[in-house]
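Here we start with a single chain on its own, the form predicted alone, put down as structure tokens.
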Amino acid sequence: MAVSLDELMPRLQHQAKLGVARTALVALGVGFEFLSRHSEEMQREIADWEEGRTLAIGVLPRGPRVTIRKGGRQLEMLGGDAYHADGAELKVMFKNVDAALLVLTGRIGAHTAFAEHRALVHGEIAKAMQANRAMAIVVKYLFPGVMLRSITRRMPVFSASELLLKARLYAVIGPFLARGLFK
């Protein structure tokens, strides 16, 4: 039995959206890990996080996820999809892939997604606020200026060393994506 193009297109579109979300979540995870090692701003932000704190960011119901854990003074991306996500003490989950893509592609900020009930938090609100501040640091380095204008209140000003750090982060993300997205 042949499948018509009209029946196939919605499935292909959904798979493409999931692929974009997965790629963006990997970039976010790599950003958390890289910046926790190289950015003083990120190191200050996560300094009070307890050892072993685990954060999962993903798409409901079974969409892509990335899990990050604090170990020592750094963050480590553990992997994606269901990997360690179920045991995370803090979960930030988008209600669907369309809601996730609005944030992950820089069309709206995370604060807007929460205000519009596009995302859920499972865990302590204080820890979610800390994670949101850390995510804002990652986004500052991940997104180009054009995108940052639409999702931040104030356009960040980068020093020369921060611009170099941003370039280094871009260079690190490429190989992660090229080698199959996860460690």
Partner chain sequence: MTIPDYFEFACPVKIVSGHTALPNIPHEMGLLGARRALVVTDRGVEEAGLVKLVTGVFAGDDRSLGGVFSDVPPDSSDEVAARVVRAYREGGCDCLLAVGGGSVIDTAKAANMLLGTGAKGLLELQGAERLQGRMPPFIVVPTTAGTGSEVTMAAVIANTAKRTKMAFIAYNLFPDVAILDPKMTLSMPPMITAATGMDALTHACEAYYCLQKNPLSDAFAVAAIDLLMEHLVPVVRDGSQAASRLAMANAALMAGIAFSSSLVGVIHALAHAVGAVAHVPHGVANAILLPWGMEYNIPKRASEIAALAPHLRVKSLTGEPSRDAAAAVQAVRNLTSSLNQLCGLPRTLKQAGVTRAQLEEIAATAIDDGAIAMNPEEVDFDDALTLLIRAY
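Positions refer to the first chain, counted from 1. Only a predicted model underlies this, so the values are computations on that prediction, with no experimental measurement involved.
Heads up, the form predicted in complex with its partner chain isn't pictured, but that's what we're talking about next.
In short, of 139-147, 126-134, 30-38, 63-71 it is 126-134 that has heavy atoms within 4.5 Å of its partner chain in the predicted complex. The closest non-hydrogen atom of E116 lies within 4.5 Å of its partner chain in the predicted complex. Residue contact check for R44: none of its heavy atoms lie within 4.5 Å of its partner chain in the predicted complex.
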